[in-house]
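The data below hold one chain only, encoded as structure tokens and taken in the form predicted alone.
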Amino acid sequence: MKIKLNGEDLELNDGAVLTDICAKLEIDSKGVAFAIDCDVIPRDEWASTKLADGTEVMMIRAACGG
């Protein structure tokens, strides 16, 4: 299935959940937040938040500096 991640297509397996995005992109989940339809998804719900084909996900990564 394909989702939109920050406006770009991302191919994931059917039944994927938010934690699968970090695994697919090989990134550490620390300092990352996800939102679906402008609703931030709490970290403890990532493993149970199933994604559907066409879901639009926003991933925000914290950055240090100023």
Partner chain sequence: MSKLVIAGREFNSRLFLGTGKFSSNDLMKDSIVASETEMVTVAMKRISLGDANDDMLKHIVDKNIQLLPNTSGVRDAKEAVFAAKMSREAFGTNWLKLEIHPDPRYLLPDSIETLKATEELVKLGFVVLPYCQADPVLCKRLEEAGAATVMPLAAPIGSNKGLRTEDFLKIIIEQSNVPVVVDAGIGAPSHAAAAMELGADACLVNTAIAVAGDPVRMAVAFRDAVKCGREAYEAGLGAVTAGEAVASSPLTSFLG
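Residue numbers count along the first chain shown, from 1. Just so it is clear, the structure is predicted and the values come from calculations on it, not from any experiment.
Below, we refer to the form predicted in complex with the partner chain, which is not included among the displayed structures.
Interface residue remark: residue 2 is not counted as part of the site for the partner chain in the predicted complex, having no heavy atom within 4.5 Å. Contact annotation: residue 23 falls outside 4.5 Å of the partner chain in the predicted complex, judged by heavy atom distances. Contact check for residue 58: a non-hydrogen atom falls within 4.5 Å of the partner chain in the predicted complex. At least one heavy atom of residue 42 is located within 4.5 Å of the partner chain in the predicted complex. Of all the residues from 1-20, those having a non-hydrogen atom no more than 4.5 Å from the partner chain in the predicted complex are 5, 6, 8, 9, 10.
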